[in-house]
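Just one chain follows, in the form predicted alone, and it is written as structure tokens.
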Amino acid sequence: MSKGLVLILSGASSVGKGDIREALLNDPDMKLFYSISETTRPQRPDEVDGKDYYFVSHNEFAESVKKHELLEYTEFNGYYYGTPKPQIDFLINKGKNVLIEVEAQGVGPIKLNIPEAVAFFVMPEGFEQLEKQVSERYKDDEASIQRRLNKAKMDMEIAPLFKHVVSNADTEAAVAEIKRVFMERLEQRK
């Protein structure tokens, strides 16, 4: 049995990665499994532990780092987020394709561990549009808006390092481009 292929989805905050992720996960041709991240962030009322995230304590997260059980990890707003390595290894060794949604700086560590992974950076239609989306989503927290916009600017500076940069001016077109590249890569591996 051949190993599964990893698709890495990255991009700036509020660029629309969630809509793209859902479309890709629901595409029967791609047969993608979603990688659930670990986080120290408190669980929101609408979130399900083990579906949206694995909600863990700071000590549990530190233990995962110490045992090298995370492919990558990062801190944002005082909370830690990471990609569990055992979960990814299990799925790809069973021949399953895996989608990992991750911050831009997390792509390098994943590619070091899984060089054949295909990484995509999702760019906003324009920075003005991104500012509007972030402001609408986090309207009650000006400090959070500024942190996210500053982070988005830094992430977008990294984008040229990605082999595959996709504009999210049209979500359907972005999904179609990601699918085309990923399916070509799957075909090349046969």
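As the structure is a prediction and not an experimental result, all values here were calculated from the model. Quick note: we count residues from 1 along the sequence shown, nothing fancier. For the two forms, the rigid core is made up of the largest set of C-alpha atoms that agree within 1.5 Å on superposition.
There is also a form predicted in complex with guanosine-5'-monophosphate; it is not shown, and the following applies to it.
Chemist: Which of these residues, 37, 40, 64, 133, gets a heavy atom within 4.5 Å of guanosine-5'-monophosphate in the predicted complex?
Modeler: Answer to the contact question: 37.
Chemist: If the criterion is a non-hydrogen atom within 4.5 angstroms, does every one of 33, 164 and 182 touch guanosine-5'-monophosphate in the predicted complex?
Modeler: Heavy-atom distance to guanosine-5'-monophosphate in the predicted complex: none of the three under 4.5 Å.
Chemist: Would you please decide whether residue 76 lies within 4.5 angstroms of guanosine-5'-monophosphate in the predicted complex, comparing each non-hydrogen atom pair?
Modeler: Yes.
Chemist: Mark residue 58 yes when one of its heavy atoms lies within 4.5 Å of a heavy atom of guanosine-5'-monophosphate in the predicted complex, and no otherwise.
Modeler: No, residue 58 sits far enough from guanosine-5'-monophosphate in the predicted complex that none of its heavy atoms falls within 4.5 Å.
Chemist: Is residue 120 part of the interface with guanosine-5'-monophosphate in the predicted complex - any heavy atom within 4.5 Å?
Modeler: Judged by the heavy-atom cut-off of 4.5 Å, residue 120 is well away from guanosine-5'-monophosphate in the predicted complex.
Chemist: At the 4.5 Å heavy atom threshold, is residue 13 in contact with guanosine-5'-monophosphate in the predicted complex?
Modeler: Contact with guanosine-5'-monophosphate, yes.
Chemist: Since the chain is shown here on its own, which stretch among 66-74, 120-128, 24-32, 156-164 would lie within 4.5 Å of guanosine-5'-monophosphate in the predicted complex, judged by heavy atoms?
Modeler: Residues of 66-74 come within 4.5 Å of the partner.
Chemist: Using the arrangement in the predicted complex, list in sequence order the residues of 157-190 with any heavy atom within 4.5 angstroms of guanosine-5'-monophosphate.
Modeler: The stretch does not touch the partner at all.
Chemist: C-alpha of residue 46: shift of 2 angstroms or more between this form and the one not shown, rigid core aligned?
Modeler: Yes; residue 46 is a residue whose C-alpha shifts (by 2 Å or more) between this form and the one not shown when the cores are overlaid.
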